[in-house]
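Only one chain is included here, represented as structure tokens and corresponding to the form predicted alone.
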């Protein structure tokens, strides 16, 4: 048992470490300061092998894409493989049909399907025909959701502007609004989700700004403030209310402005005395 465990450990240690083949930083000069270059790895799935060391690949690249070649590998990529993009070679005649159920499962899990137009623009008539047929079928099966449009161009001549690509996808059956989302919103969501998956806790929680540490002087001030006895919240509120009542009492002409408000009994007595005084005044006037 010990020998078997040691043998498995040696085999695990003998696996080559996967390194990114793209140099970082790039060997180019005069790059714009605000330009961010992402590194992508596209893995061709030739067999339905689940333990493909995708976690190690995703740690070394910014975006991980898989390219299935048949229906088995497509179902595996849609269901269990942890990838960001499912890139399909739409220039070949596919021996299967796209189905809504596996595509919807992949879209719900955050994966996106890639449509590349460069082969249809620069390729021969057979490649163009297969691209139009497969793209139309993919748009129909996915209901126009979860798609991204890219060029996959090997030369700058095959690149097209964003609105040209959107109009080209509209010819294939993708609405203009969905095409605009496939060129902007969906691409950004793929990049953000991939970054969150690699830098956050379990792909859910990410600390964007954790605050700054207080200076030593601020710590001393807070420590001194804690030693002082603070008034109770109830007493503080009651004192504030009494002060507000005192400020709201108007000053009466010929009367002293007392600091405390009159009670109901005192108010009744004063009203009764004023009434009696008025009555006695009227009687004296009638006698005179």
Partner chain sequence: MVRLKHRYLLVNILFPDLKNAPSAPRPKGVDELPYAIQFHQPSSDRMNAKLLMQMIRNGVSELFGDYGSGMIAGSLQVKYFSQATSTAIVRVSRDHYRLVWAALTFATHLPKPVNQACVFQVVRVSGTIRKAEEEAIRRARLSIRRAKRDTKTAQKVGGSADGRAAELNEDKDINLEDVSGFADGIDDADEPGDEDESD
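If you're wondering where the values come from, they're calculated on a predicted model, not measured in any experiment. Positions refer to the first chain, counted from 1.
Another form, the form predicted together with the partner chain, is not on view; read the next lines as being about it.
The closest heavy atom approach of residue 164 to the partner chain in the predicted complex falls within 4.5 Å.
Remark: residue 121 counts among the residues lining the partner chain in the predicted complex, judged by a heavy atom distance of 4.5 Å or less. With a 4.5 Å cutoff on heavy atoms, residue 128 counts as touching the partner chain in the predicted complex. Though the partner is left out of this view, residue 192 does not reach within 4.5 Å of the partner chain in the predicted complex, counting heavy atoms only. The chain is drawn here without the partner chain; in the predicted complex, the stretch among 84-92, 67-75, 151-159, 101-109 whose residues come within 4.5 Å of it by any heavy atom is 151-159. Contacts between 163-178 and the partner chain, taken as any heavy atom within 4.5 Å in the predicted complex, involve 163, 164, 167, 168, 170, 171, 172, 176.
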